[in-house]
Every structure is written in C-alpha cells, then in structure tokens.
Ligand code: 0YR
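In structure tokens, the next block holds one chain alone, the form predicted on its own.
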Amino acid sequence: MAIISVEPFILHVPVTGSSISDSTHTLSHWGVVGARVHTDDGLVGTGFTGTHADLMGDRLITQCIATSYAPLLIGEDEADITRLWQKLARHPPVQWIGRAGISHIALGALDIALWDIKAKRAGQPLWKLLGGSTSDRLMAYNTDIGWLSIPDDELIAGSRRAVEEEGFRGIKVKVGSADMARDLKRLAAVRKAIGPGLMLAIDGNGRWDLPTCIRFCREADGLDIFWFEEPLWYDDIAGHAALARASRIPVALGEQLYTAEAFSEFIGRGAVHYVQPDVTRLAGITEYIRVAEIAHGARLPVVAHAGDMSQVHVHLAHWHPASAMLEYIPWIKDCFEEPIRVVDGNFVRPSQPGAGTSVMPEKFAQFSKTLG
C-alpha cells in the first residue's frame, strides 16, 4: 500500500499540577509533536516525539516533517520501514545540517508512525508483532512523585503513598540542588519512609560536575541508591566512566543521546550500567531496537526513558529480553485510545493493534497548537 499524506501536529498537555522542576528545567506542559501518516487504503499511523512544549521549537520539528521528509514518503510503500528509515536518515540535504537534534527526532516520529501502521495492518499490538512478550511482568517505577520542586513533606508523603497505596516497588527522586545537603536530607527521609529493599533511584539531569558527584555518591552510599541517572553533562563519556569506577552507585543514562553510535561509545567505555534509550530522542523504534541489541550484547539492562510517557516503550519493554522495568509518568496517558496502565506495580500489556500512539480525536481539539 502507498502513503498518500503526512499530517503534522502539535499538542501541549498539562503536567501534574501547574508546574514541575528538576535541576535544569521547569515545565508546565509536555509537548506531543509528530505526525499522522495516511495510506491509500485508509490506515493511519501516529508517531510523535516528546518536548518541553516550546511552541517555536515544536514548529521547527513539524516543519522538518512537512517540508523535508513528507515529500520523500509520499507514494512509498509504508511496509518498507528499514528502507524508508535509511532513505530519510541519509537524505543528503538533511544529513548535512543535522544527524541529531531536530531532524533526528522528526525522523523518529515518522518511524514510529510507520511501525504503528505495520502493527495495525497485522491486527496485533506492537509487542506481539515484534515477536511476543519475553516476560509476564514489567515493573513500573514512579518518577512523578519525585520532582525537585516538590516540598519535602509532600515528597515524603507522595513516596509513601506510591509504594503503600498504589503498589509501586520503585520510585525515582530528582537531585541536583544548589545545596547538595538538601538532596541528601530528602533522600534519607524518603528511604526511611519507604523502608529498605524497594528501588530508590535518583536523577541529576546533568547538573553537577565530577568532583561534586563523587562527593555526593560517597555521602549517599548508605541509602541503597539503585542508580544515579544523568549525574554529569550528557556527552561527557570520560566523566561518567570515572564516576562509574569511583562509586558503588550504578550509572544510568541515555535520554540525551541521539544515536546508536553514541550509546556504543558509552557502553564500550564502561560509562553506563543501565541503558536508557528513548524512541523520541533516537530516530524512532528502528534505532531503539539497534541500541537495545547493543546493550543486550554487552549484558546490560535496558530501561527506556519515557519521553513518550511509555506509550510506545511499554510494547518494546514487554518484548525485549533486556528490559525488566519501565518509567511511569502519567501526564499524557489520557490522550490515547489505549493509555498505559499499571496494576499491582506492573505495566499491563497493551492489547489493541498498533504502537499505542493513537490519539483520541477530542484530545486534538483540546490540546492542539497551530503549526505556524
């Protein structure tokens, strides 16, 4: 079948409460930015990236989709995903101006849409199309209770509620305050609130330098921290490798890496223990699979970052043998025909055909922004 049109879109969906902050960002909305790809027999595939809902930046992504990539897709057979990925990724004028960033995540949105069509045409959820689930359970860990902007008393209460009432067996708390002692105090209080044995991960969002991270890890050593995510500047391979050698806390990263080659470098240098690819940062599902296989070959766990708020990753994580857990952030789930669900601390396997990306029509009406 042939692709007949590519329809870009921008949605801005409110986050929990009125605003959240980590060590480097403050957000009021999450951007769902991508395209619907239409075929000549009426199938529609949806793919998107996740952004900080900056309208000018989001429009650059949709312009890239509409003007650089859509003409390359019109008339093509939507089943030829590998060939089309290569055609778009290696299109000389676009490759010349960026093998990462805007062009790469625009490609990712389209790649997800093509996989969505493929699964819908097969009448299967993506995880089954890819080869079936490799585990009966996919543990969910809750990030939404741990923002740096949350006051200490609410952080402690939210952590306790997540594990005691909502069934989560893992949570993630943001660090990276100007005063490192504040983070240590908050983490000690959270560990006391949830008790021993449960997963307590932390995320610095690249704020600190290597000496600060080494001091922090030494002070936090007794808190049984599951991993330290993005402790350093995102591209600092040598620094992450040094921290991995200096601390007993494992290093996690990947949300700011755009290519399979970047992941290969971090893995090869021993700079990461938990590999966190994201279909919305990589060039879609096609490149995500490459990264997951690289990590699996190195016998490292794959724990996707939820830039898609896990709508796509729940399929990939249920399928791929290197994945046993996944991040839970609920901001955009109610926009979809089949939203992510967590029951007894585990993600429920999706059942509808597709990649989990079909947005309900009323949500386009509610959250759409003009393309400019």
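For clarity, every value in this text was computed on a predicted model and none was experimentally measured. The first residue of the sequence shown is number 1, and the count goes up from there.
Although not depicted, the form predicted together with the ligand is the subject of the following passage.
If we define contact as a non-hydrogen atom of the residue within 4.5 angstroms of the partner, is Glu327 a contact of the ligand in the predicted bound form? Answer yes; at least one heavy atom of Glu327 falls within 4.5 Å of the ligand in the predicted bound form.
Would Trp30 count as a contact of the ligand in the predicted bound form, using a 4.5 angstroms cut-off between non-hydrogen atoms? Residue-level check for Trp30: yes, a contact with the ligand.
Decide whether His315 counts as a contact residue for the ligand in the predicted bound form under a heavy atom distance cut-off of 4.5 Å. Contact with the ligand, no.
Any of the heavy atoms of Lys120 lying within 4.5 Å of the ligand in the predicted bound form? The answer is no: Lys120 has no heavy atom within 4.5 Å of the ligand.
His25, Asn205 and Glu255 - do all three of these have some heavy atom no more than 4.5 Å from the ligand in the predicted bound form? Spot residues vs the ligand: full contact, yes.
Based on heavy atom distances of 4.5 Å or less, which listed stretch (237 to 245, 152 to 160, 100 to 108, 172 to 180) is in contact with the ligand in the predicted bound form? Heavy atoms within 4.5 Å of the ligand in the predicted bound form occur in 172 to 180.
Which residue, Phe226, Trp147, Phe168, Trp85, is the contact with the ligand in the predicted bound form, using a 4.5 Å heavy atom cutoff? Comparing distances to the ligand in the predicted bound form, the residue within 4.5 Å is Trp147.
Of Arg341, His52, Arg59, His38, the one that lies within 4.5 Å of the ligand in the predicted bound form (heavy atoms): It is His52.
Interface residues of 275 to 306 toward the ligand, as seen in the predicted bound form [heavy atoms, 4.5 Å]: The one in contact is His305.
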